[in-house]
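The form predicted on its own is given below as one chain in structure tokens.
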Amino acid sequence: MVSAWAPVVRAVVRAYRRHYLHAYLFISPVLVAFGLFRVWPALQTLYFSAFRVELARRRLVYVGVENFAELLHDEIFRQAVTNTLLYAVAIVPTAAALGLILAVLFTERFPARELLKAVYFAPMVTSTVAAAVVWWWLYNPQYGLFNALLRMAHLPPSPWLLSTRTALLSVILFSIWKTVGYNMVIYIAGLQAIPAEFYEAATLDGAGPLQQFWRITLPLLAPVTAFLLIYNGIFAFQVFDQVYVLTGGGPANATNVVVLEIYRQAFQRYRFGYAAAEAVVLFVFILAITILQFRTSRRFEVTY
């Protein structure tokens, strides 16, 4: 009996292998590119984190975990980690909430709706550096628009980027403005995927708009929310452009973030090994946060 089925089983296995061989051949260019530009640099960074690079002598000096031990006592790095965490905690939920509010508003029909969608999405497709230069002028204490508006409202002007108390908040406001349009578009796509029958049934049962939002819209958008929290969270921990342009990490490291600190150590102080150790810490931190968010988001998965 077994011998009768053996040729059939071998034929299925050969077909299965041919199928997967073709699949791997098709994706091989992507795998090669991913390995060259993602995996290999990451492995090199991990390797250099155990060395002290001496450019003058063109040699590597093995130091083991000395770079990581120095990080524990580096007050500037701790300040950068704290600022990065504050930045992520502030921007991720705020940008997601504002994106959801705008998406719900834009599901209603009103004049110039499509134009306003484009206006809110425009910051996402605008160069971060160019937008940051514009906001740098808007934050100018003497000539900026924001202080002009405060004066019109008979409120005291703010130093914005020049004060240790307001500089990080100013960067956060810019980043929220830059991010909320993308979140809005993703939420609109999620809203359009919810079957209209759910709202019709809820209306027949006497549920109001607020009840429908809490009982139908918000639970069914949970996968979208989880995606945006992970996506925005990863980019929040990698923030660099806007900080570099707006404040350069100042004043007094009040807006210094981890990626900017890595850049300073590597390309201004030429401490490549130390910068590699900082990059490894950042990688581990992002990986841990991402795994945690993935596991948390599974609890809120909804199917319909």
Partner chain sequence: MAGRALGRWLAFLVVAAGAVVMVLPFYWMVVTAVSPAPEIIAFPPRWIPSRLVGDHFREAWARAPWLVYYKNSLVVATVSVGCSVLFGLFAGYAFAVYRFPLQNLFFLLILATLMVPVQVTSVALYVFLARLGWVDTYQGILAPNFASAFAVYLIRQAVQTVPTDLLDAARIDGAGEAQIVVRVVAPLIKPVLAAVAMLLFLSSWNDFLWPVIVINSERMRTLPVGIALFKDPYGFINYGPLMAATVITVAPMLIAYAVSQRYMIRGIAMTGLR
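Numbering follows the first chain given and starts at 1. Since the structure is predicted, the reported quantities are computational estimates derived from the model, not experimental observations.
What comes next is about the form predicted together with the partner chain, which is not displayed.
Of Val30, Ala252, Val61, Ala69, the one that lies within 4.5 Å of the partner chain in the model of the complex (heavy atoms): Going through each option in turn, the one that passes is Val30.
The partner chain contact in the model of the complex: Val81, any heavy atom under 4.5 Å: No, no contact at 4.5 Å.
In the model of the complex, Leu138 touching the partner chain (heavy atom, 4.5 Å): Yes, Leu138 sits close enough to the partner chain in the model of the complex that at least one of its heavy atoms falls within 4.5 Å.
In the model of the complex, Leu145 touching the partner chain (heavy atom, 4.5 Å): Yes, contact at 4.5 Å.
Residue contact check: Pro159 to the partner chain in the model of the complex, 4.5 Å heavy atom: Heavy-atom contact with the partner chain at 4.5 Å: absent for Pro159.
Option from 194 to 202, 101 to 109, 71 to 79, 84 to 92 whose residues, in the model of the complex, bring a heavy atom within 4.5 Å of the partner chain: Of the options, only 101 to 109 has residues within 4.5 Å of the partner.
Residues of 240 to 268 having any heavy atom within 4.5 Å of the partner chain in the model of the complex, listed in sequence order: Phe240, Asp241, Tyr244, Val245, Val259, Ile262, Tyr263, Ala266, Phe267, in sequence order.
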